[in-house]
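Okay, so we've got the same protein chain twice, two forms, each given alone as C-alpha cells, structure 1 and structure 2.
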Structure 1
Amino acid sequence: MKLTGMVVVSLAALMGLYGCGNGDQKSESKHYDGKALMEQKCAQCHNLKMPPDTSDEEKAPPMYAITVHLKDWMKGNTESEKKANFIAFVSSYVLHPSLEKSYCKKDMLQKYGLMPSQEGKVTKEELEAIATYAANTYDQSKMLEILKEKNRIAAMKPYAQVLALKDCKMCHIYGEGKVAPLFKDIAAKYTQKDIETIKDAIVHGSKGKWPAYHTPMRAYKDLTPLQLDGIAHWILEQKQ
C-alpha cells in the first residue's frame, strides 16, 4: 500500500492535474454513458464482468478487483470522499500510469506490465463517467447478491434454469400463441424421436416451420448441454 503516493495523486487531481483533454469541449450538460464508454475503451484489456472471468492470458486485472481494492485503499472520512478520491485516481492513472502511482502488487505488475497510457484515446470527462460507473457498480455487497442469485439458479433443474435465464416464456407462454407457437402446441406436433429437431431449433434458431408466425426465432448458443437437453424434454412434456 502506498498511501503517500495516494495523497500526492489526489491532491494533484483536486488541483486540476489534467491539463490534457480538450478544455474547450467542457460541456457539463453532455451526458456520458460510463458503462458504454468502459466497454469501448477498457474492455480490450480489463474483464468487466461481475463476477469476473479470469484467465492466465488476461492482459490486465479485472475491473471488479481493481475497483474494490482501490475503493478500499482510498483515503477519506466519508464514503463520498473516498468515492471522489477513487474517481480522481482513476482519471489520473489512466492518462498517466506509473510504477509509483500503481497500487498493483509488484508480482502482478511483472505479470501484466504497466498499463499503457490511454492519453488521446479517452478524455478526462469520459474517464470521470467511467470511474463513477465503476464505483457504483463494482461493489462487494452487489457481488454477494449476484452470487446468491447464481447459486439460486444453479440449484434449479436444468430446464428451469433456462426458463429463469432466457426469455422463452415471453413468446411461448405469455405470447398467447400470437407471436410464437405455444409450448403445448410444439409438444403436440413432436414426439420423443424429434428431440434433436427441437434442440437444433433452440441452438440455431428457427424460421419457416410454423407458417402462422412470421418473425423467426433467434439462436440460443450459450446453453449448456444439460440445459439444452432439459428444456427440450420439458417442452415435449407440455402436451395437454
Structure 2
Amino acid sequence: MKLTGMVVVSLAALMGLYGCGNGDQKSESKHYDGKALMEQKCAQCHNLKMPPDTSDEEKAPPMYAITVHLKDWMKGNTESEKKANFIAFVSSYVLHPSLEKSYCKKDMLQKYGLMPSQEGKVTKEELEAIATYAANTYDQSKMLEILKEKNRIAAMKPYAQVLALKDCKMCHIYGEGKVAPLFKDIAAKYTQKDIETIKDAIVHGSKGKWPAYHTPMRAYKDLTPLQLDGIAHWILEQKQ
C-alpha cells in the first residue's frame, strides 16, 4: 500500500512539473494573420493590389506577379504539395535570398536587383502565414474574374457604376426612409440649380440637413468627375 501511494505521489509530481492535467497551463499556438502581416511587412516595396498598380518608381515586382510566377515553378505531384513547397520556398528565400535560389528572370533581376535579406525584420512563422495568404489570394483564375467584373462595371453608365460600387442603396433605397432620406425625397427637395449642393454632400458628407435623420452621411471622395456628375443628376431624376 505504501509503495502504491509513493507511485501515485511521484506521478502527480511529474504531472505538475510538466503541466500535464493542469487546466491553468494550456498551451496556446499563436495565430498569425497573413493579410495583416503582408500589409505590414511587404507593402513598402511590393504592390499588393490585384490587378496590381505598376509604375517606373516601384522598388520590387507586384505581389501578384511574384506569386503566380513562383507557383508556376513549384514542383509537386499535387496542388497541396506544390503549395507546401511554395510556402517553404518563400519562408527560406526571404530570410536568405541568393541568385542561386532565385526564380526571377535576368531582366527582372537587372531592374529590381536581388531582394535584400529580411532576417531580423520578419520571422519564419510570419513568413509562412504571409506565403499561405499569398498562395490563396493571388491566383490567375481569380484575376480573370476580377478583370471580368471590372469590365462589366466599366461598361455601365457613370451613375450605375456608383450604385454598383458604393453602398448608397443600403440607406437611400433599402433603408425605406428609416436610415436616410430616399432618393425620391432628395429629388423632391432639390432642383437642377442645386446640383452642386448635392455633389458637395456626396464628396464631403452631410450632417444636419435632414432633421429627421441623426446619422451623418459619410464622404465619398474617390468618385471620378463623371461618376459624381452622373449620380447627382440621376438622383434628381428620381422625382415621382
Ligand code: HEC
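For the two forms, the rigid core is made up of the largest set of C-alpha atoms that agree within 1.5 Å on superposition. This one's a predicted model, so the numbers in the text were calculated from it and none came from an experiment. Counting starts at 1 with the first residue of structure 1 and goes up one by one along its sequence.
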- Note on the structure: Taken from the structure described, the form predicted together with this ligand is structure 1
- Item | Rigid core superposition, residue 147 Cα moves 2 angstroms or more between the two structures | no
- In Å, how large is the CA movement of residue 113 between the two structures relative to the superposed rigid core? 3.0
